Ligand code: UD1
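Only one chain comes next, encoded as structure tokens, the form predicted on its own.
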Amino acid sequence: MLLEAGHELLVFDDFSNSSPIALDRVRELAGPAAAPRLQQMQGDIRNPKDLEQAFTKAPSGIDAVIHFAGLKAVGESVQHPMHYWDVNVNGSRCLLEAMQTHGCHTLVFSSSASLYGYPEAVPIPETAPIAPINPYGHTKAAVEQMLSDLHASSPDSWRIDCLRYFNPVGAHPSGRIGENPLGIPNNLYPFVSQVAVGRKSQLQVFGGDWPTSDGTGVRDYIHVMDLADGHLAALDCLLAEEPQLLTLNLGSGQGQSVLEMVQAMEAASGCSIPYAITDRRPGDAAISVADPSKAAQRLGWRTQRGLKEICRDGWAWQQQNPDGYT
């Protein structure tokens, strides 16, 4: 979408949980005229030398950064908290120092609804208390605090938007690019997809006794294309307006349970998805649903796609790529 909007891009990635093939397909989808405007570089966000090389790679300099580089699995963060603090917090610190050095003061940051922990009420507004319940959420809260301190130190320079994602899912409607987690998926949607396509035999549902309509956890699922729309709108807003610090929820405002997601994927795929109810997972909340009204007001952004489109596009990706990018 950034290429279609005319931007020149440099993708910086260590490819620890991703594939360069995805970027080849982005070029393919964007077309031969846009493809040359996408460069890529392999590097580690925690390595100042790699970042220095990235910021000097673009001949005309870098005007803005969209910061996706981080780890995002709740269960894994409980098992390996120091790794999460190193990558998510130390990596962000290194990035911000490189941005300051090169006079780049515009940042869209991938934050998370995990900051809200066990919400006092739903839907959750941006003014809800920040009370993470797992190491992943704590690292996102720490980076947001770092960004707040940085903006306060130079409010006339920094343009920052912290986008608090709820649950991004789905795929590009072409089926050419989608989520390809390495190893056992830590999130519901790719696991459901892999059971449907036959890569996994059964879905584990973590808890059947939550205080919800069917006893399974309820989440606000947002199509990845709507999420991309939100990033483009946030970037346009920051570049057009005066320096500011924005914090916005990106979600649909609608909640679906685990079993509703299973049923929607069964309908999209025509496949049965066997599941087993197991114990609750540490660090999970019963319900997490966004109040996205502020994003609608500030960016003119709302989700355009629902659970049907999420499962349709995700199934197109899974069918075309049953083994991911391998």
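Each residue number is its position in the shown sequence, starting from 1. On a predicted model such as this, the values are computed, not experimentally measured, just so you know.
The same protein has a further form, the form predicted together with the named molecule, not shown here; the description that follows concerns it.
Exactly one of the stretches 92-100, 223-231, 130-138, 239-247 approaches the named molecule in the predicted bound form with heavy atoms within 4.5 Å, and it is 130-138.
In the predicted bound form, none of the heavy atoms of Arg298 sits within 4.5 Å of a heavy atom of the named molecule. Contact between Ser148 and the named molecule in the predicted bound form is not found at the 4.5 Å heavy atom cutoff. The shortest heavy atom separation between Val258 and the named molecule in the predicted bound form is within 4.5 Å. With a 4.5 Å cutoff on heavy atoms, Trp85 does not count as touching the named molecule in the predicted bound form; it lies far away. Of the residues given (Asp291, Glu266, Asp284, Asp50), Asp284 alone sits with a heavy atom within 4.5 Å of the named molecule in the predicted bound form. For the candidate set Cys104, Val74, Ala142, Val122, a heavy atom within 4.5 Å of the named molecule in the predicted bound form is found for exactly one residue, namely Val74. Shown without its partner, the chain has Gly217, Arg219, Tyr221 in segment 217-254 as residues with a non-hydrogen atom within 4.5 angstroms of the named molecule in the predicted bound form.
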